[in-house]
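Below you'll find only one chain, the form predicted on its own, shown as structure tokens.
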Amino acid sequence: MTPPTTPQGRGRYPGYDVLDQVDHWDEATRRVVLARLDPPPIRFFDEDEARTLAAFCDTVMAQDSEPRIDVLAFVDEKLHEGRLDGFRYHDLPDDRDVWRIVARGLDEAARARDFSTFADALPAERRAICGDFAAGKLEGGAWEELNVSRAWEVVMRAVVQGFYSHPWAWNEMGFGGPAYPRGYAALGAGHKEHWEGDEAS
């Protein structure tokens, strides 16, 4: 039996694979979930933006080894198809523009630390830049074009959605997958379905 895949091969539920439940999902759900195993091509970002932003997504989600969830592919698909969140902060441009500005700003921040691009920066330097971004401390250049703290919220919302929509992330945290049509019956703290995984101690 093939062991379940989790990001970086680490998970708290040894042997648990949500894809073992695929036969319990209706056809539409099965199609949507299984499609996430084959990330869509990059169509919104250009090659340089994609390289920078893929490194950003890996850094903020602490994906430092294979296997990795291709978070940027899902972000790119959302932006390419114009599936935005239905609201926009008054002091930010369109989310699509926010992402492009952030890509530029990350590369500028890396150049200030003597790296040609964010993707070329050492892991510790990338984490430091992301820490400054999260704290709203990046300034100058591209960062003057937006509210940095709010830009962090916009990009992280999409990153987290992309990461946790993937079955490998579900394996990592023991999530049982879609409830339709079977549903969940063992409700309440400390209860679990017979097919859910056991957390490692």
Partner chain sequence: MTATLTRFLKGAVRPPENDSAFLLDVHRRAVPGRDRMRRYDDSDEVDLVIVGCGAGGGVLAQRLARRGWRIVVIERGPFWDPDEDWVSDEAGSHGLYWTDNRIIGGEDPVELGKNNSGWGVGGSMVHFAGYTPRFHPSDFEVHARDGVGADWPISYWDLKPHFERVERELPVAGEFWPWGDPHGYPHGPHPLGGGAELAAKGAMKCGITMKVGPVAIVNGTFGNRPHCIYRGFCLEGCKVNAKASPLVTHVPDALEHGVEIRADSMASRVETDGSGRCTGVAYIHDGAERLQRAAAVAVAGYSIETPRLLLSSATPDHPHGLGNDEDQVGRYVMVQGAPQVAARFPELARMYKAPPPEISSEDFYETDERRGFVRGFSIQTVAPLPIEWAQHALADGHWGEAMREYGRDYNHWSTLGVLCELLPHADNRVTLADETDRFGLSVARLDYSQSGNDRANIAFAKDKLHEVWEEAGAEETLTIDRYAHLVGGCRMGFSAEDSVVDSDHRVWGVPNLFIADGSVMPTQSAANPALAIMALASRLADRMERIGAGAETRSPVGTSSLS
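Residue numbers count along the first chain shown, from 1. Owing to the predicted nature of the structure, the values given are computational and were not obtained by experimental measurement.
Keep in mind the form predicted in complex with the partner chain is missing from the figure; the text below concerns it.
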Heavy atom to heavy atom, is residue 7 within 4.5 Å of the partner chain in the predicted complex?
-> yes
Does residue 26 make contact with the partner chain in the predicted complex, using a 4.5 Å heavy atom cut-off?
-> yes
Proximity of residue 114 to the partner chain in the predicted complex, heavy atoms at 4.5 Å | no
Is residue 51 one of the residues lying within 4.5 Å of the partner chain in the predicted complex, judged by heavy atom distances?
-> no
What are the residues of 79-100, in order along the chain, with a heavy atom within 4.5 Å of the partner chain in the predicted complex?
-> 83, 84, 85, 86, 87, 88, 89, 90
